[in-house]
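First comes one chain, alone, set out as structure tokens in the form predicted on its own.
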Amino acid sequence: METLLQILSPTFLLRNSVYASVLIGFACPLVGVFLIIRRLVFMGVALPQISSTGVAFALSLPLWFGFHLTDHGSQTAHTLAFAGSIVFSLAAILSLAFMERRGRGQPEGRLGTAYVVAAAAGILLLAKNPYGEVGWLDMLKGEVITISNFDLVLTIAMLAFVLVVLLLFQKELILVSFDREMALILRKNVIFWDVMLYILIGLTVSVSVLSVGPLITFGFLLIPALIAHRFAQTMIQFTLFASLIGGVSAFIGFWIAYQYDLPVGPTDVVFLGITYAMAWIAGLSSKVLL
């Protein structure tokens, strides 16, 4: 209980990390449900890693031109990292979605290749960066220790924008994702709504990777939605359950990590995995009883 009171205190040293983790825990499942509906789970795996490679690429650019970012926590470094994350995320999701619509090749193979190449490229880029091990590698591994006020404000602003757009156009986005044929019959601009949804997913992934790293982003992008999918009866329930599971799990995971001096990212994801296993067992038990 003492640890919980410390975390809830407004003077808590790591309060920005708590706020960002919980906010991302609530927000990521909101776009994650669309990946589940569209059966694009592998894209949820690949995108955070591609986004982190964009961060590594952007942070390496100044060195190639003779400049040095001596402080990985500076606003200049984080602005550059955010730009690289967005560019790589949006380029990847739009390209992969385009190839998916063309129906050529194996989508799982493309996504798997994109994931492994992005992971290797990100490590190589930062390995050759003399400032990479100062903090950027830790961030990309999901070791959420400190988040600056600038990063917190950026995270809040971007995720608030995504939430507003989702609320305003939820009917169109759900229709295009859940029943594409009906959307065409109703003469909806399917391509426009597809692109809008992909942009929202890309923005969410980008800001989440920059704040808490790809590990937590991937975990909260898909696992809460997978848990909620087992129990939700309607789309509204699906979305709300997924968001609540993500936000609550983020806080409990941070609490456990702080209590036992564990890295936050892996703790969050393992806690989500245990929750998913318990949900699966509960669902299986209910079917047996019926």
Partner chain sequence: MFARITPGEHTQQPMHNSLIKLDNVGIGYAGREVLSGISVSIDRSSFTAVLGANGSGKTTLLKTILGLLPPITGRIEAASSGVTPIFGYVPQTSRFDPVYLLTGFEVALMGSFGRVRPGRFVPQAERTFTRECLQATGAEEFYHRRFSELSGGQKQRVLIARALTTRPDILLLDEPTAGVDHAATLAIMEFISQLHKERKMTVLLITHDFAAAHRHAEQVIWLHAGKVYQGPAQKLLTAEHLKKMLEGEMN
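Numbering follows the first chain given and starts at 1. Treat the numbers as computed from the prediction; the structure is a model and nothing was measured.
Here the subject shifts to the form predicted in complex with its partner chain, a form of this protein not shown in this document.
> Hey, in the predicted bound form, is I37 touching its partner chain, heavy atoms inside 4.5 Å?
Replying inline: Close contact exists here: in the predicted bound form, I37 approaches its partner chain to within 4.5 Å, heavy atoms only.
> Is there a non-hydrogen atom of W193 within 4.5 angstroms of a non-hydrogen atom of its partner chain in the predicted bound form?
Replying inline: Yes, W193 is a contact residue.
> Going by a heavy atom distance of 4.5 Å, is W255 a contact of its partner chain in the predicted bound form?
Replying inline: Contact with its partner chain, no.
> Does at least one non-hydrogen atom of E172 fall within 4.5 angstroms of its partner chain in the predicted bound form?
Replying inline: E172 belongs to the contact set for its partner chain.
> in the predicted bound form, which of the listed residues (F26, F238, F57, F251) lies with a heavy atom within 4.5 Å of its partner chain?
Replying inline: By the 4.5 Å heavy-atom cutoff, the listed residue in contact is F238.
>> Please identify the residue among A232, L262, L63, L244 with any heavy atom within 4.5 Å of its partner chain in the predicted bound form.
In response: By the 4.5 Å criterion, the partner-contacting residue is A232.
> With the partner removed from view, which of 115 to 123, 79 to 87, 202 to 210, 173 to 181 is the stretch that lies within 4.5 Å of its partner chain in the predicted bound form, judged by heavy atom distances?
Replying inline: In the other structure, the partner sits against 173 to 181.
> Which residues, if any, of 259 to 278 lie within 4.5 Å of its partner chain in the predicted bound form when only heavy atoms count?
Replying inline: Stretch hits: zero.
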